[in-house]
Every structure is written in C-alpha cells, then in structure tokens.
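Okay, here we've got a single chain as structure tokens, the form predicted on its own, with questions on binding and movement later.
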Amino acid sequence: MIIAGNWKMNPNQAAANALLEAFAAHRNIFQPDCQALCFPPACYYAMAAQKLAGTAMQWGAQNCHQEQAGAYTGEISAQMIADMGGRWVIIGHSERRQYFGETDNLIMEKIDAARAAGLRPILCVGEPEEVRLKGGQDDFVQGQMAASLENIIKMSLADQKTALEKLVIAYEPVWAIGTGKVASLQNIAEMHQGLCDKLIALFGAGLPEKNVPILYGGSVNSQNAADILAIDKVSGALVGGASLEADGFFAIYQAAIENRPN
C-alpha cells in the first residue's frame, strides 16, 4: 500500500511546519510495507528534507521539468528535486493537464526525466465528467496511460522491468478531484481492473511480479478510505485536501495498514 498526500498550493509556512512535525512525531506509526509520502510545494522542500530525516516517510515533488537544466524560468528539474532529497514526483496530474496544457507526449518526457534522476514517478490518469457520461472512460484513461508510457513500451524486456518496478499509476477521475464527489466502489474496481489488464497487454512479461501499483485519488478522506482501499487492485490512495491535516492523514494511513494484502 502507498498513501500519498498531495498538498497542491497549500498551506502557509507555519501550517506546513506543524504538519511535518506531526509526521515526524508519529514516526512509529509508519510500517515497512505501507509507504507514506507527502508532496509539498517547492518552497518547502528543505523543510521536508529536514523534518522527515530519520523517519520512514518520504517526500516528493508535485511536478518536474522535462529538461535537466536551461533557461526555463520558474521551473525545477528532476535532478534538483533528487539533490534536495526528494524520492518521488507526481507527473501528469489533471490540474497540470487542464491549467498548463500538459500533453501525453510532454508527460512521457517528464517520466523519462524523473527516471534519469532516480525519482519514482506517479503517473496520473483520469477522465473528465463528460467522457464518463458518454461511457468512454475506459478508452480515455487507458489511452492516456499507454501514450504516457510510450518510451517504456519501446524498451527491451530487461529495461522495461527496471522502469516498471519504479512506476506507480494514480487513477483520479477529474470530476472527483476536490469536489467531494467520489466514484462508486464498482466504478473504481472496474477502472483499476481495466488499467491492470491494459498494463498486462502492453508489457506482459516486463511487469513486476505484483504488477504496477495503482492508487485511487479523488476526494479520499478518513470516512471513505477503508472501503476504497479494500477494493481488489487498489494499491493505495493519492490524497488531496485530507492530507493537509495530520489526524486525517493518519486515519487514512491506518485504513491502508488494515487493508494490506496478506
């Protein structure tokens, strides 16, 4: 299980410090087979590195640039994140796609940059509501994933295994992000099964033994986490607003511990 908290453009410095201190103070809650992650804004990387040192909780970035360096004002490279102590990066979040025009091809390049820097990418995929209402969600989401992984698809079997062992997918229906709406348990189960089947179709023998972890995101909170995490093929959660409050995050994490595969 993986429980990842995406802070987005939140909170203020005092609240960020308090949240990281709470994580550090409760370090004994974190279990080896249930990974806890947080994704703070870039201005808090140093704080996260300091506060989480010596804990099992890891941190990462909400985005990275596809190039290693250059005249890209306001951007941060994957190598810079790694140099600060980050281990993970979220790539292709729907808000990046919607507000910053990120395409599947650009996301593919960012995955390559993350891998080159030694970061573990969490590739986000998800359909807007209009696609869901027309019944096209499976083709849409599986198409996003396949296009974003095109360069891995072209690799040799050995290189695929190496790349896929570090990859995580996050399914976040766009209409459920920050809205309070949550996909039905049946919808989640069907989508995660479809993504697993698509990964098998794309990579087959190149997949790790337990397939690629697929997280669910979209208004996950302490009240619904247990039901969501109990679904077969759900390997954890990408949590938004609920990750900004320590007790709420710990409750979701506890639900993950209780629903770990045997």
Ligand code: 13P
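Residue positions are given as counts along the sequence shown, with the first one as 1. Computed from a prediction, not measured in an experiment: that's the story for all the values here.
Unshown form predicted in complex with 1,3-dihydroxyacetonephosphate; subsequent notes refer to it.
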Taking 4.5 angstroms as the heavy atom distance cut-off, pick the stretch from 22-30, 44-52, 211-219, 65-73 that is near 1,3-dihydroxyacetonephosphate in the predicted complex. 211-219
With a cut-off of 4.5 Å between heavy atoms, is Ile188 one of the residues that contacts 1,3-dihydroxyacetonephosphate in the predicted complex? no
Check whether Ile177 has any heavy atom within 4.5 Å of a heavy atom of 1,3-dihydroxyacetonephosphate in the predicted complex, and answer yes or no. yes
Would His93 show up as a contact with 1,3-dihydroxyacetonephosphate in the predicted complex if we use heavy atoms at 4.5 Å? yes
How about Gly240: is it within 4.5 Å of 1,3-dihydroxyacetonephosphate in the predicted complex, going by heavy atoms? yes
Which residues within 1-38 place at least one heavy atom within 4.5 Å of 1,3-dihydroxyacetonephosphate in the predicted complex? Asn6, Lys8
